[in-house]
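Below you'll find only one chain, the form predicted alone, shown as structure tokens.
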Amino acid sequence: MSTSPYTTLKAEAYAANMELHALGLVIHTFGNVSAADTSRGVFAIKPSGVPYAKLRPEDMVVLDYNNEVVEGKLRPSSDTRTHSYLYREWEGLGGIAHCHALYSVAWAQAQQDIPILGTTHADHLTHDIPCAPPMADELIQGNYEHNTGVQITECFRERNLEPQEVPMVLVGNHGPFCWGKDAAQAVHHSLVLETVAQMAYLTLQINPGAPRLKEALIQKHYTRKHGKDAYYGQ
């Protein structure tokens, strides 16, 4: 019996997809995570429409960055072309997660950035969480999932944002995409985004005029956990 060279990669993608579901960030089959092997230029992703209860590691579909199936018998996630586009455009991504979590999607549907209002947000990034504008009609009628990737990267280019510094985005009227050094970190960022989205919503319900977190606190909380002077954790 032959052993697949992608067994470990598929197991990583499977574990991340199951964690996304366990965290309550997806309903039914509305979510996906991919795990990339950057040395081989391939990624493993959840198959389309398969219930999480029936999902197995061997069901993961492996593709190259040009969307050609390398290994797998099932149809890959409908969002595959968004994942592949981001892997091609942004070096260093090891995992991407997409879900339709409640508060994240609410902000995306409102077409609003999530403002940095507190230190929980600043622990993870120093910017507002961007919301990319809704997709233009001609792009919707084209290669939609590929163009979702274009929509994301254009938003970052226009705002002069780096994906390593801002590992998450809201796609207007759609929902969140997050990424990281691996699939597990992409899921972690998805939970951070959903939590911050809920906190920001509640804050603005309590006080619609709540001010943005002051810069000194933004920098203090971010540098406690990131960079050469970080001192949080072991």
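Fair warning: this is a prediction, and the values are worked out from it, not measured in the lab. From 1 onward, residues are counted along the sequence shown.
Beyond what is shown, the protein has a form predicted together with another copy of the chain; the following relates to that form.
Contact with another copy of the chain in the predicted bound form, defined as a heavy atom within 4.5 Å, holds for exactly one of 166, 192, 184, 70, namely 192. Proximity of residue 203 to another copy of the chain in the predicted bound form: non-hydrogen atoms within 4.5 Å are present.
Although the partner is absent from this view, residue 28 contacts another copy of the chain in the predicted bound form, with a non-hydrogen atom inside 4.5 angstroms.
Contact annotation: residue 213 falls within 4.5 Å of another copy of the chain in the predicted bound form, judged by heavy atom distances. Proximity of residue 89 to another copy of the chain in the predicted bound form falls outside the 4.5 Å heavy atom cutoff. For the partner-free chain shown, 79, 98, 100, 102, 103, 105, 106, 107, 109, 110, 111, 112, 117 of 79 to 117 come within 4.5 angstroms of another copy of the chain in the predicted bound form, judged by any non-hydrogen atom.
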